[in-house]
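Below you will find one chain, with nothing else, as structure tokens; this is the form predicted on its own, and questions on how it binds or moves follow later.
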């Protein structure tokens, strides 16, 4: 049975950046929350891969009363060489909010913290995948400026398709070329 939905947050939630010293206290709760909400089964090694290298890009929402985990976002940031020139690509790997706390802006607050952290580290773009049937997630990301860039058929182990969403943080070479062309047109009309 699903826990009752909270009608009001108990108080201002506490948002903290993940730190390695918190692993014993929070990693089991992170795994439980994510495995309940996401369709992919992740081993402990996947969590550690992200949290050990990019803990500074991962954030948790905690209940201020008992410090229990309410939500989490797990991200990474690395060079992506498929573009020329290479881009510094942020990636949102996992986002989950406990069911009773949904609809109160917790996911939005977590995603904004991750975007800010990656922007401060000079990311060119942020990408993620989400199931095409996950309408609330699609709305959340699109509200924050992400755009659908690609449909990935039967992407998940459960057979569901996904959309890849991208949040461009810096103008691309194509944007610069368009701006130059517009400037040339503007000069020609004077």
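Residue numbers count along the first chain shown, from 1. Quantities reported herein were computed from a predicted structural model and do not represent experimental measurements.
Although not depicted, the form predicted in complex with a small molecule is the subject of the following passage.
Within 4.5 Å of the small molecule in the predicted bound form, a heavy atom is found for all three of 104, 134 and 140.
Using a 4.5 angstroms limit between non-hydrogen atoms, residue 97 touches the small molecule in the predicted bound form. The small molecule is not drawn, but in the predicted bound form it has a heavy atom within 4.5 Å of residue 37. Contact check for residue 63: no non-hydrogen atom falls within 4.5 Å of the small molecule in the predicted bound form.
Residue 108 belongs to the set of residues with a heavy atom inside 4.5 Å of the small molecule in the predicted bound form.
Of the candidate stretches 117-125, 141-149, 23-31, 54-62, only 141-149 contains residues with a heavy atom within 4.5 Å of the small molecule in the predicted bound form.
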